[in-house]
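Given next, in structure tokens, is a single chain: the form predicted alone.
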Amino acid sequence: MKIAVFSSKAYDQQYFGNDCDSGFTMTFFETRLNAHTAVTAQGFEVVCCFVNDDLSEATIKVLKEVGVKLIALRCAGFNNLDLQAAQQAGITVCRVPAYSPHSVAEHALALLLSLNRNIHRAFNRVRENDYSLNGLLGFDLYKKKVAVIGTGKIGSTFARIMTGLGCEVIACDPVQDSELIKLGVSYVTLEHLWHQADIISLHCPLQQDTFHLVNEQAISQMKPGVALINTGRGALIDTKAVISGLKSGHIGYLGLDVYEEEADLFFEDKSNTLLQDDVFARLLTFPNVLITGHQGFFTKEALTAIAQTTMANIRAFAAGDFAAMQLVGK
């Protein structure tokens, strides 16, 4: 079975190479999959895609025409996929619903701690022989009220970490986690959450009802000086509204591992090009904003699990064992 891996990097080749069986041939393409590049999949039965590949109706139409039978997402989210178009085209879609929730949850904590204690600014000062502490004042996380939006595998892991630090954790999710409740986590409405939280961390999927969940109205209800962390999907946040919140001081800290227009930025070396995204450029001007390039998943454990689960899905598809697959839409 021939597999075309799009948006691939050297680390993808390393980890997938460790888990690829004989009988499977993997070809790695650095280019992103979209309606224009989908013809590259000619002769491949499987395309393996990542978070910023474009799996719109137009792309899927081309994939069907060139004979693709399976879309194997090597990520948990599938907001970049037109599932209805895939189903109508008769193309099976699978994903990796859980790889290492600790990797993303711990990265959310890293963003929060770095912002709060100004680690990124202190690092630069010390390198310049400046050991002054003015402007680096932080706060104790202990007993702060932390809000977790979305308590799936990643969100629940983050909630457990924060309870371990002595925080009061509240959460919002249509499905409540009984184990979190036993730990003392309280489930509340979004309106209550906006008003009460000192720290808000986003871990929900990007869907129609969560698009720009954090918008001007939501921000106006938050505590002044709130810390906002997003390691979920970029479009959970209305970036322009957040910039207004930062300018007014209503948002005190912003940590992002995702950005709603990241497809044209992240995972590539742009150091020798001019930044064309004015909104993103404005974010970079704030000293209380810390941005990483969608690296929350980037641990040895997570990459190993992603490769193993993706290949297990493909093996099950080849064997006709759909019950063993992590199917999207089932």
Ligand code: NAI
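Just count from 1 along the sequence shown to find any residue number. Computed from a prediction, not measured in an experiment: that's the story for all the values here.
Although not depicted, the form predicted together with this ligand is the subject of the following passage.
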Within 4.5 Å of this ligand in the model of the complex, heavy atoms considered, which of Leu115, Val104, Ala159, Ala72? Val104
The stretch from 117-125, 239-247, 205-213, 80-88 that lies within 4.5 Å of this ligand in the model of the complex, judged by heavy atoms, is 205-213
Under a 4.5 Å heavy atom criterion, is Thr151 part of the interface with this ligand in the model of the complex? yes
Please run the contact check for Gly138 against this ligand in the model of the complex: heavy atoms, 4.5 angstroms, yes or no? no
Gly255 within 4.5 Å of this ligand in the model of the complex, heavy atoms: no
So, in the model of the complex, is Pro174 in contact with this ligand at a 4.5 angstroms heavy atom limit? yes
Residues in 93-111 that come within 4.5 Å of this ligand in the model of the complex by at least one heavy atom, in order, are Pro97, Tyr99, Val104
